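Have a look below at one chain only, the form predicted on its own, in structure tokens format.
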């Protein structure tokens, strides 16, 4: 087990290194002057030169790269040219909105997708299966931002049960959770549809195995066979999708956070892009890449816990 963990950590470190090179090259080495892009075409040359010095653009590329990496290890991601504050502080401030939003959306997606997928597999080619298949097709086809607009139209404009946007902060937790419900449902619906389809396929594959027939021959109840044996042995692909979905829910919240006017990291990325703040864009892009790599690492480790056969092979 320690050997497996060390190999996985080495793979994570190598992947993070490659991702940082790609992000740095994309933001810093492409043609164009970042300071001139940030200030616009009407900026004076001395103003551009001063901003270049402030951003460290007057230094060689390898020095800028290692300065950025060493700063990331100490929490110093640089200074935002648009906001005039630390980029690390900006990201931390926005994460208190995005992380709860993604967690709430994931809970909703799992709460809908897994039971519906299991029911579809248990009643294959019957009404539950047809309902789940229809839900999966519709959910995958509807973009999350369009569903968010529809939720605003119904629950905010017509029924006036929820506000159309904004975030009151965590001083009043109930109001904060209420403000996140509609965007969480908007994010969760497409992911619940995907999870329904994956769960249905995974459970159907397991239901045809010999140990299921053995459990049936022993006279075990259908519910126990389904949840204790079939679902338990189908968890590897389900957990894989759930892990990928959590990364997507954070990285893919850009549109939904803008629809609901939420001050999250997705909205920060959009604002930094519109303001041409390349320092913030670079750090946010690296944060998204690191998050995906970390979640994949945790999902990979969960396989060893879910399936003891994998531990025996390694």
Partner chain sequence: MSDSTETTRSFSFGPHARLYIGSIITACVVGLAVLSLFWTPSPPSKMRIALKLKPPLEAGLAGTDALGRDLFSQLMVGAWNSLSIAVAAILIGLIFGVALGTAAAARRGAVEEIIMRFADVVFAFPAIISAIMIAALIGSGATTAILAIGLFNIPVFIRVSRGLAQRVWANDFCLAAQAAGKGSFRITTDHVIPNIAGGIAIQATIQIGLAILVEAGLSFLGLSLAPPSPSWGRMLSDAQTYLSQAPWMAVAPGVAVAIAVLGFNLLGDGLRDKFDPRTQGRS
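Residue numbers count along the first chain shown, from 1. Not measured: the values here are computed from a predicted model.
Although it is not shown, the form predicted in complex with its partner chain is what the next lines describe.
- Within this chain, residue 197 lines the site of its partner chain in the predicted complex, having a heavy atom no more than 4.5 Å away.
- Its partner chain in the predicted complex comes within 4.5 Å of no heavy atom belonging to residue 103.
- None of the heavy atoms of residue 112 is located within 4.5 Å of its partner chain in the predicted complex.
- Its partner chain is not drawn, but in the predicted complex it has a heavy atom within 4.5 Å of residue 145.
- Of the candidate stretches 198-206, 175-183, 94-102, 72-80, only 198-206 has residues whose heavy atoms lie within 4.5 Å of its partner chain in the predicted complex.
- Annotation: in the predicted complex, residues 47, 86 and 193 none come within 4.5 Å of its partner chain through any heavy atom.
- Checked against its partner chain in the predicted complex, the residues 107, 171, 150, 159 give one hit for a heavy atom within 4.5 Å, which is 150.
- Residues from 276-290 that approach its partner chain in the predicted complex with a non-hydrogen atom closer than or equal to 4.5 Å are 276, 278, 281, 285, 288, 289, in the order they occur in the chain.
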